[in-house]
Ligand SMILES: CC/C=C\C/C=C\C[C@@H](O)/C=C/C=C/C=C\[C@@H](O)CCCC(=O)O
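Here we start with a single chain on its own, the form predicted alone, put down as structure tokens.
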């Protein structure tokens, strides 16, 4: 396997387990301790090469494989190479001799992170809801785990882990693993927390949080965690979690991770959600007050099978993770809310894909390929809606060819076949064709006759098939018509627009209506934007998805109120889905650029490191 994002010798070793021992220091904004890597040799070598970034390496040891308490260890020589662009520094550890195939070694690396660790965000008390205790959380996807621990930092390397974490006794500690108890640390003023993840996972799913956290049960196996100030809203918003989990099981098989808990993070969290096993991280922007944005939870639940259990071998195959998860997410929501809801979500997704291909990038950008070439490319630079929506579009298109029953049969067989493994796109395609040859020869014939694999996988731009053409538009027609009414140049008398037409739409329909306006190149006069803001109360709307689209629409058409409103909104959210497009819109507006640039510079220290870096790159291109 070739992973262009890793400098480790991952093909020489099979990582079986990580034993982690960490101490969290909020004063220095560092984590110190060690990791023991349990390695089995699969190709002879005399070195262990690991990915690192901004780590201070103290020592490396070869541990005896005996479990005796006084077992001896052997100091190992190591070299920490100079940083190589986004990949970080390769840690090369010399073994005493050549490791033979099948031999097992345990290598301990003592180290500490740096305050610049890209996987961690440290929040001062004033950045939290409670304002009196600090907060820490991690985000390791895509290749940020190497800034948290030395490892074979590739999605194709899956291992179990155990952890002992020491932290301020006033703070709770959670990880992407089962909680194994906590007790006072006899050697310090810290409290000691133990964890165990017994299902092999890639390094990007190792997750850590420490803060003033409380929980409320959602079911026997589900709970929601947050700061105390948000727990009531969070508990209400995510009441459907158990129903979604059961719907996922009906599609993909038993849930294999024990608990499914949600953690509502502070606003600076850069994503809508992160599928950390046992503990999904979600953004507080989902707290819409009407449960309308809970489909993000359905998405993260779907990752329990597609992504976490069956994983993409490299970041070039990221669509195997996200495309399948979007596909399953919408099947889950279809079970709960009906088929028209699934089709409405696909229309919204198509808008997101058009935006990623035609606005954020260009149609000939190679990073809009479903399977992009990432040699020399930071996976964070490749992140967009493409693997999500182009990937799920391919799966839905195949469903239209083979029939839904055959596709659902394949989905279940796919999860069962590759559970606990990582695969690439060609392995995926081979399994699909083999399955259809056995179970649906007619479906196979239709795939062979209609699917242009080269165009789907390797051609940049939009998919070769327009998915919206065949969708149920029963929920979309009202949205489309209202958008057309606003775009109608003949409608100069704006008194005919009333609040009722918008109020009677569901939140998802409002989102689609604003998407229709946003992705139309026809100009919207400021008088219409002012009327729209007034009668729809868009400046006061609580739903972040609606608010974001309104602000972006207003900025696109250079509506003066959009500048201050947009910057005020950007000061309250950290989700890149909102932050990057809105900043890009303001950066591209000559009258707003200087103010937006100054706003970003003043806010950068409060942003998550990933968000700050990506916005800085957007600004450099503006």
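Residue numbers count along the first chain shown, from 1. What you see is a predicted model; the values in this text were computed from it and never measured.
What comes next is about the form predicted in complex with the ligand, which is not displayed.
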Out of 372, 156, 277, 323, which one falls within 4.5 Å of the ligand in the predicted bound form, going by heavy atoms?
372
Checking 410, 111, 456, 383 against the ligand in the predicted bound form, the residue with a non-hydrogen atom inside 4.5 angstroms turns out to be 383
Stretch from 223-231, 314-322, 95-103, 442-450 whose residues place a heavy atom within 4.5 Å of the ligand in the predicted bound form
314-322
Looking in the predicted bound form, any heavy atom of residue 524 within 4.5 Å of the ligand?
no
Using a 4.5 angstroms cut-off on non-hydrogen atoms, would residue 53 count as touching the ligand in the predicted bound form?
no
Taking any heavy atom pair closer than or equal to 4.5 Å as contact, tell me whether residue 299 reaches the ligand in the predicted bound form.
yes
Using a 4.5 angstroms cut-off on non-hydrogen atoms, would residue 501 count as touching the ligand in the predicted bound form?
no
For the stretch 264-288, return the residues whose heavy atoms include at least one within 4.5 Å of the ligand in the predicted bound form, in the order they occur.
271, 272, 273, 274
